[in-house]
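So here's one chain in two forms, each on its own in structure tokens, numbered structure 1 and structure 2.
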Structure 1
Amino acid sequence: MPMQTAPRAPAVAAGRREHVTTGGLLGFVDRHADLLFPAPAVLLIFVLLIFPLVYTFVLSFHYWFLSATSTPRFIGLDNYARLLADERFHHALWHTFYFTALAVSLETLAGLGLALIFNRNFPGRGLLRTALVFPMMSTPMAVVLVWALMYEPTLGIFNYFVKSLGFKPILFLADKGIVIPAVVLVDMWFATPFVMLVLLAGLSSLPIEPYEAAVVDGASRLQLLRYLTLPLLRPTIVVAVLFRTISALQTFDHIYALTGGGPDKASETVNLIGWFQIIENNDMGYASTILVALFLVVGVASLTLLSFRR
């Protein structure tokens, strides 16, 4: 007589229920993977970026001093009307544009020249390229203090050479006419290696065939640069200019450390007056309005450069 086994229906049923439950959860994840997987990153971006922007924009319509015990009071467009009539803001906006245009132009030209040099093979290329990247890895404030010492009228190395040539010392950081170019020189030291690396990557990706055909047709090096390299490299140049423009418009640290906006507010930028409104006047509402204006300037500049790229 065959042996009879005990029924296992309850266990099988439990296993089936577990399979159905798990399958349902996995099925939900599979159907909504395009929403669930990016959700943590989107949430992080919202918390770290979107929320501060929205909060700053909302605060720009309020009157609020940090030293006051009252809560922010809605005043509509009064802060924006004040901004349009503020001569200090107008001068700071001009200084911001002047600094950005001069810095980005010189950094792009210098970076393009270095990229063209390092796109060729020559002894010691790797060592020199590594040395030029060192400014990107240095501590900004420490380097800015070194530059401040080099600009010093009596002990600085720049004025040492100026005096050795028989000229009077130059007040690099105390002369209204040259203070922004002096700060631009510091910015070039930091940012030119970045432009060089971006353009060098673009040069390495250019096709070889047009150059070979142009050389066969008798094109000179200058013609190759003008009619082939620069047109083919234009999208990469625009990307480098875009990144540097955004960064230059937002520059704060080395301008503040070198000049503090002086002399007589001659190097004061939009970022600096926003900082001073918070630190000196505790005026969060008006400072938020200034930062919103700066955000609009950066946005317009970015969209304009992107249109050139397209």
Structure 2
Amino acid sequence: MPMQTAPRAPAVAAGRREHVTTGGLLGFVDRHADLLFPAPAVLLIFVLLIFPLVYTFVLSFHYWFLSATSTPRFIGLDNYARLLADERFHHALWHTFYFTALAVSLETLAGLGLALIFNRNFPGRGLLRTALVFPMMSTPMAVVLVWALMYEPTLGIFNYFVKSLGFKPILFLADKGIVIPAVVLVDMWFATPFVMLVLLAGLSSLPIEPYEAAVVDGASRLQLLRYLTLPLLRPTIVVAVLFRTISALQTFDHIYALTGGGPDKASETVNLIGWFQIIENNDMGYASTILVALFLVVGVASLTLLSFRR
């Protein structure tokens, strides 16, 4: 680095390192703060995150079972060919998209409704807003237990209401046609408050002048919502949808705990089949391929959504 022992120029020239620096270690730290401060974190993140990512990518071109004593064997694109022909993967991909589309759209609508309600002033608002945060902070694996109890076909409270309305009990988690909407409902419980809080933050920072002008011009409440609030809120909505899509595509905990991918693989998502390849088959090469595919899906979805921002 320049400027070490040379007599210091007046403070004007030296820019942000203008202040008097002492010698020794402290001085060194001071002069290179912009490199040294982030260095440990960056190093750890590199080792912990970037290296495994590269490793996973490389592994996706190999044939390798963890339990075997053999070393990984390079097989080129074989794993990818296998993936494209794998019906289990096709179904999982479809379930992932179906789950994500249903969950994110419902959560956005419900979250917008909640945000509009909580944007008004009413007694107890702060308290209720805090209470809405409980679901998304709560431990998924723990709360899923109460959802399992409520969905239970014979002793669950949902089927009590279903029966008292005169219908036959529903096998929420054992019916192929209902299992994904049932899991989406649980996801809505976890994530709608997130959308609501993000949109509420957006609503509270909207400018007030356009509203005054519109009210003077005699705009109705519905017109205000349709022609002012929604367009102005659009960037915030995109942020909320982006965050939700990224995590919905990778939803694991509540699907795995509630259904285990069943009944008969009807709720298996890409993340779940990746997990099964690791846990049940120890097929590390193919598991890596599945996860690279998931990564591509998440990446493409994120970029697509970001292009809607403007």
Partner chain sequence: MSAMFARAAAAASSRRRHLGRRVNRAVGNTLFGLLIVAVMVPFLFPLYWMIASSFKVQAIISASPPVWIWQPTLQNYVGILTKVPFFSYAWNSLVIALSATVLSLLLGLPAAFSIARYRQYALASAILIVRILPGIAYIIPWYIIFSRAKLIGTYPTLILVHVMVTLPLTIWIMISFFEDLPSELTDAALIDGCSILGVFARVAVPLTLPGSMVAAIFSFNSSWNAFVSSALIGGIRIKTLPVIAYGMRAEYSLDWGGAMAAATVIVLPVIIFTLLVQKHIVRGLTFGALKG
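For numbering, take structure 1's sequence and count from 1. Rigid core: the largest C-alpha set superposing within 1.5 Å between the two forms. Predicted model, so just to flag it, every value in this text is computed and none were measured.
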Looking at both forms of the chain, which one is the form predicted alone? 1
Do you see a C-alpha shift of 2 Å or more at residue 30 between structures 1 and 2, with the core held fixed? yes
In Å, how large is the CA movement of residue 42 between structures 1 and 2 relative to the superposed rigid core? 2.7
